[in-house]
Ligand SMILES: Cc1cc2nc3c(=O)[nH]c(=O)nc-3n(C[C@H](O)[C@H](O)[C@H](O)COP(=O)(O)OP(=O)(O)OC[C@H]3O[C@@H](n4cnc5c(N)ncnc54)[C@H](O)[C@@H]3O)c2cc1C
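Only one chain is shown below, in structure tokens, and it's the form predicted on its own.
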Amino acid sequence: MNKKYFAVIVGAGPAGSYLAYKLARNNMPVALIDKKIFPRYKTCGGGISAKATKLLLDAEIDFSNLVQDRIKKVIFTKNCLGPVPVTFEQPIIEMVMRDEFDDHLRQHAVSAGADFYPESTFLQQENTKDGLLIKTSGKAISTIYLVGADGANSQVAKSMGQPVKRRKGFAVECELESTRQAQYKGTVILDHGHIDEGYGWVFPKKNHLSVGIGSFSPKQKNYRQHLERFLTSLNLPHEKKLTRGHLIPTPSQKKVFLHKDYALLVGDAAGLVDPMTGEGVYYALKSAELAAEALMKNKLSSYSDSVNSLLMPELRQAKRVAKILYTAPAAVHSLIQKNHNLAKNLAEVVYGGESYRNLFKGLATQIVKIPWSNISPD
């Protein structure tokens, strides 16, 4: 007789694996499926914020053995000029390789009792008299609940008949070796000016640098050319690089409805990504945590309620800050050059867990030439 699961989770990235871990630890039978074999390459800067690290440590998941660099300094630049360094006593970013990090979370889920099915592509769901039948490219799986953790182009969201309304940004990134790599140890570069409505970054790893550029503008094109210009301005070598791109989904409405009947969406599939930075790991983990609580209460509507009350207000404030920053990057950079506390607050908000609300107030009260209509989060 086929095993019946409490939940089938589609997608074994951070959201899916962390949710599987949470449920399995509470003795819920969980099937975690993914179309890939793990570990698998994942295009991502690999910066795990301090708030995401705390969340994992509180859940008894230690990934310190995977850390490639610990970041205590953030340098803001405008067109690679006018550096504004901000230094912290404790690391605010842990640098990892996402293939290793994601597989680490998956292994924790399996160790907690979840069943993992690789090379299993989600095809469709069917209602049965006692739950759902999930058809995959590998097998059919019986379950009570279905969770979409399958990324920006979520097939589960489409099967629910209510794909989340979202705005999709895009980023390209390369991995390269450099004779100047040592100077970036413990330091990240965040640069504005090389692309509209976005930024470029340099993230140090153990044996290479991750350099990328991304934008939230729907009109933006020629990402690889922008990346090449950014690399030229940084004076970094262009050989030995692997370049790949990925979508960045962000919510485009005030409230989100992430559940329907016996299914719900988490992480990128729910469009829960920071609309200023494109950082999604923290929101993947936090949404998984909220989803676990709702599933174990057998009340999926409480998940959408929790996301709307706990996550969406901060994401809307992030969107307002992004509009200030991306409307007037030169003015913002000039301001943080003069105001070190504001520069530190910007870095803390992005990676350390401080509120966007206070940062918005600090920026909005000092940059008065931007029309307020441009700053509306809607």
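So that there is no doubt, residue numbering starts at 1 and follows the sequence shown. No experiment lies behind these values; they were computed from the predicted model shown.
There is also a form predicted in complex with this ligand; it is not shown, and the following applies to it.
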property: Proximity to this ligand in the predicted bound form (heavy atom, within 4.5 Å), stretch among 291 to 299, 223 to 231, 196 to 204, 175 to 183; result: 196 to 204
property: Non-hydrogen atom within 4.5 Å of this ligand in the predicted bound form for each of Asp191, Pro275 and Ala318; result: no
property: 4.5 angstroms heavy atom contact with this ligand in the predicted bound form for Val281; result: yes
property: is_contact(Ile33, this ligand) in the predicted bound form, heavy atom dist at most 4.5 Å; result: yes
property: Contact flag, Ala149 vs this ligand in the predicted bound form, heavy atom cut 4.5 Å; result: yes
property: Phe122, heavy atom within 4.5 angstroms of this ligand in the predicted bound form; result: yes
property: One residue of Lys78, His246, Lys168, Lys73 in contact with this ligand, assessed in the predicted bound form (non-hydrogen atom, 4.5 angstroms); result: His246
property: In the predicted bound form, the one of Ser142, Thr187, Gln155, Gln107 near this ligand [non-hydrogen atom within 4.5 angstroms]; result: Gln155
property: Residues of stretch 37 to 53 in contact with this ligand in the predicted bound form (4.5 Å, non-hydrogen atom); result: Phe38, Arg40, Lys42, Thr43, Cys44, Gly45, Gly46, Gly47
